[in-house]
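Given as structure tokens, the chain that follows is alone and in the form predicted alone.
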Amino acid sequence: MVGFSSILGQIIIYTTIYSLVALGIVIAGRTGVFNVGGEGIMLTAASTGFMTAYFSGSWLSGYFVAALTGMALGLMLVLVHEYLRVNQFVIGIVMVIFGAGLSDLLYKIIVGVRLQAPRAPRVPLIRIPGVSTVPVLRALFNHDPIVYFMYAATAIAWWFFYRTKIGLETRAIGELPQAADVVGVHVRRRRIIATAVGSSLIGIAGAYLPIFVTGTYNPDLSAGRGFMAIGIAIFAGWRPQRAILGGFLFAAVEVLSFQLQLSVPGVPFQFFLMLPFASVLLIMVVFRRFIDFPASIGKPYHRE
């Protein structure tokens, strides 16, 4: 049971990364903005968030700057799309390339090359009394603050979209923006806000890697997880509650691939590294009939 709890705890940590990125994509997608630049946002936020945490000695400041970084890049995407009418997917691809280069450039300029890799400040763990003695619950709840933030963000997003009038209007934008506009909903403003909020969550997920998971910054730290989160958002049917389920599923595949590398030494480790990506394709094929998209996603909207 101890071994199972340890593995489950690792899965929850990686679930946090996948779920926050997927949730950010879902929030923007509900207004018709398909943010495919999550990988670039993660990398840039990982760099700025880690450097802020390292130089300030505050992990909280690191996450705050990472959220602002994600928000800034998200605003760049949606403003260029809405005002200059550039295709969302083209902007997203450009953002991935831009973020990959900018993240390393900023780190090289500000931190430089050092003999010993800088380490992020220690993030405290929040231990819930009475839970630490229960193996499975301990793996689910005795974690750092960002795990609890992920739980809360998912619950709030679900409540907003399915239990509030503003959330219903926001979902209507993703389906038929013309109808939402007719009843007085400011489509462009909602798209900008949703993309900014969603991208800030992606930024926090990016900073979570160097601040907590690895403790230091490395180039290409996200390792394609931003792309996999796109598959999770699609698998989730653009529903927040299913995004965390998809995040858990893909995190489990990744953690188990790590375990298999240790327990099956005769197989090249590259085979296990590709398992999470192969699982995306497999799941998309298996559940293709249940996949649904907001009707206006990826499509610009402008008043005639």
Partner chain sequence: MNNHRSVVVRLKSVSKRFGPVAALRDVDLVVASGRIMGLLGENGAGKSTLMKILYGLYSPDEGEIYIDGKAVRFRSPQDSILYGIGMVHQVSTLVPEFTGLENIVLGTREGRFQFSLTRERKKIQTLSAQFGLLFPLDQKVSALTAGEKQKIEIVRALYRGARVLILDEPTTSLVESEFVQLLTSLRRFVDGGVTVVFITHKIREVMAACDEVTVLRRGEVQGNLQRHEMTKDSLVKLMFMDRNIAVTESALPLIDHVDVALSLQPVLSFDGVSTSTLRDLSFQAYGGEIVGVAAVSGNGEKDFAELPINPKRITKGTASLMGSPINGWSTVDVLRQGVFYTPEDRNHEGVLNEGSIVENMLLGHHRDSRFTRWGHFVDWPRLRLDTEASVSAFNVATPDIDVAIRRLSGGNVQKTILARAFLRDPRLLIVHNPTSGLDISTVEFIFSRLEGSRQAGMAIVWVNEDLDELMMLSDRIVVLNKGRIHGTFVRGEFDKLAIGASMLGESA
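Positions refer to the first chain, counted from 1. Keep in mind that this is a model prediction, so the values were computed, not measured.
The discussion below concerns the form predicted in complex with its partner chain, not included here.
Asks: Looking in the model of the complex, is its partner chain within 4.5 angstroms of a heavy atom from every one of 179, 182 and 185?
Replies: Every residue of the spot touches its partner chain in the model of the complex.
Asks: Residues in which of 107-115, 170-178, 139-147, 199-207 have heavy atoms within 4.5 Å of its partner chain in the model of the complex?
Replies: Only one stretch passes the 4.5 Å heavy-atom test: 170-178.
Asks: I'd like to know whether residue 225 contacts its partner chain in the model of the complex, with contact meaning heavy atoms within 4.5 angstroms.
Replies: Although its partner chain is absent here, residue 225 would stay clear of it in the model of the complex, with no heavy atoms inside 4.5 Å.
Asks: Can any non-hydrogen atom of residue 89 be found within 4.5 angstroms of its partner chain in the model of the complex?
Replies: Answer no; every heavy atom of residue 89 is more than 4.5 Å from its partner chain in the model of the complex.
Asks: Even though the partner isn't displayed, in the model of the complex is residue 159 close enough to its partner chain, meaning a heavy atom within 4.5 Å?
Replies: So residue 159 counts as contacting its partner chain.
Asks: State yes or no: in the model of the complex, is some non-hydrogen atom of residue 134 no more than 4.5 angstroms from a non-hydrogen atom of its partner chain?
Replies: Residue 134 lies outside the contact set for its partner chain.
Asks: Quick one: from 128, 152, 166, 97, grab the residue that has a heavy atom within 4.5 Å of its partner chain in the model of the complex.
Replies: If I apply the 4.5 Å criterion carefully, the residue I get is 166.
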